[in-house]
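Read the single chain below, which is given as structure tokens and is the form predicted alone.
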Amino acid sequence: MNLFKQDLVAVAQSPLQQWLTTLPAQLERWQKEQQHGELPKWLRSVEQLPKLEAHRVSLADTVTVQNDNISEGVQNRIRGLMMQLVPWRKGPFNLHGVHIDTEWRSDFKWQRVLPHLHNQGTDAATNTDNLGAKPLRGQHVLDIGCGSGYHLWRMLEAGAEQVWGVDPGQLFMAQFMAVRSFMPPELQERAHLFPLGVEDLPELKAFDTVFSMGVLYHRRSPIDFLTQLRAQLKPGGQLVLETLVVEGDEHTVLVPGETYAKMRNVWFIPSSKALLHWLARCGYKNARVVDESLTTLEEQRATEWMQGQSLVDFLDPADHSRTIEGYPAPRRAVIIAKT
């Protein structure tokens, strides 16, 4: 449990205290039974990272931590250890001069989401917020499928009091721990990631905002998933749902064959209108589409930090409006809803 000691203390001191009825036992069972074979190697890389004071921190588009006195040798050491944690999917990061150019420009997604977030008491239609440009100010925020945790840092920038990520990907957990190790203590104490899935969460009904970005289409039962998300939100809470969609009416849902854009675990891709209908059936209120756009080759691409195939390899080379299988190219929507 030492991996999560400070995180469990944070749970105990938060409105999420009821989570302690299940969480410690789940983490203990995970440490005994479910660890990835490569995890000890990844954690060794994290442990070997130098302990450096953060002179400057920016949680903007490139999440940045900088020590002004760092030597080239230490910088090279950081780079080598971070390279042990490839592939890096979500970012970008700049850690003491080491720029991690991730596969996804996750800042593009955040720029589409941020203008539509609002705090309790905010006018959702105009996003007028008397708390200033901190739409998550004071909130406890949950990110389902948070990956390396890039968006957790952006949520802190948006004013969240505590951010909680869950993702069963253990490489993602190691990447998050590596980035967090460079943050000043006051930020380390406010960002947390547990190697769990949404199905591992009890009905907490305690979060002000729940994010689910890039997860819905990987679920065999999307209605159950939307219900699980709702079970985490307090009354009047906010869901931020970002997912693949197709064009069409409220009855349009694409159920791909064996693969979609070379992904084997894609089950249901609804139209935005169908998704709004699903949300209403699941008890959400005031659901609205705030953005819908095609994924570009600038947003998702191979880099030095992710050298495998990426979006350009998943599209028809003669027609980028179609996937390699002939389906419509990836289109993503952002939906905001209330409980």
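So that there is no doubt, residue numbering starts at 1 and follows the sequence shown. Just so it is clear, the structure is predicted and the values come from calculations on it, not from any experiment.
There is another form of this protein, the form predicted in complex with a further copy of the same chain, and it is not shown here; the text below is about that form.
- Classify H251 as contacting or not contacting a further copy of the same chain in the predicted bound form by the rule of any non-hydrogen atom within 4.5 angstroms, answering yes or no. Heavy-atom contact with a further copy of the same chain at 4.5 Å: present for H251.
- Message: Although the partner isn't part of this model, could you tell me whether P92 comes within 4.5 Å of a further copy of the same chain in the predicted bound form, counting any heavy atom of the residue?
- Response: Output for P92 is no: heavy atoms all beyond 4.5 Å of a further copy of the same chain.
- Taking heavy atoms only, is H277 within 4.5 angstroms of a further copy of the same chain in the predicted bound form? Within the cut-off, so yes.
- Task: With heavy atoms only and a cut-off of 4.5 Å, decide whether W110 touches a further copy of the same chain in the predicted bound form.
- Result: No, W110 sits far enough from a further copy of the same chain in the predicted bound form that none of its heavy atoms falls within 4.5 Å.
- Query: Of these, E304, E53, E298, E28, which has a heavy atom no more than 4.5 Å from a further copy of the same chain in the predicted bound form?
  - Reply: Checking each option against a further copy of the same chain in the predicted bound form, the one that comes within 4.5 Å is E28.
- Task: Only one of L81, V98, V266, A206 comes within 4.5 Å of a further copy of the same chain in the predicted bound form by heavy atoms, so just point that one out.
- Result: The residue from L81, V98, V266, A206 that makes the contact is V266.
- Message: On the criterion of a non-hydrogen atom at 4.5 angstroms or closer, are G214, D319 and T339 all touching a further copy of the same chain in the predicted bound form?
- Response: Not a single residue of the candidate spot has a heavy atom within 4.5 Å of a further copy of the same chain in the predicted bound form.
- Query: Of the listed stretches (179-187, 151-159, 217-225, 166-174), which one has a non-hydrogen atom within 4.5 Å of a further copy of the same chain in the predicted bound form?
  - Reply: That would be stretch 217-225.
- Which of the residues spanning 4-19 lie within 4.5 Å of a further copy of the same chain in the predicted bound form, based on heavy atoms? Sequence-ordered list: K5, L8, V9, A12, Q13, S14, Q17, Q18.
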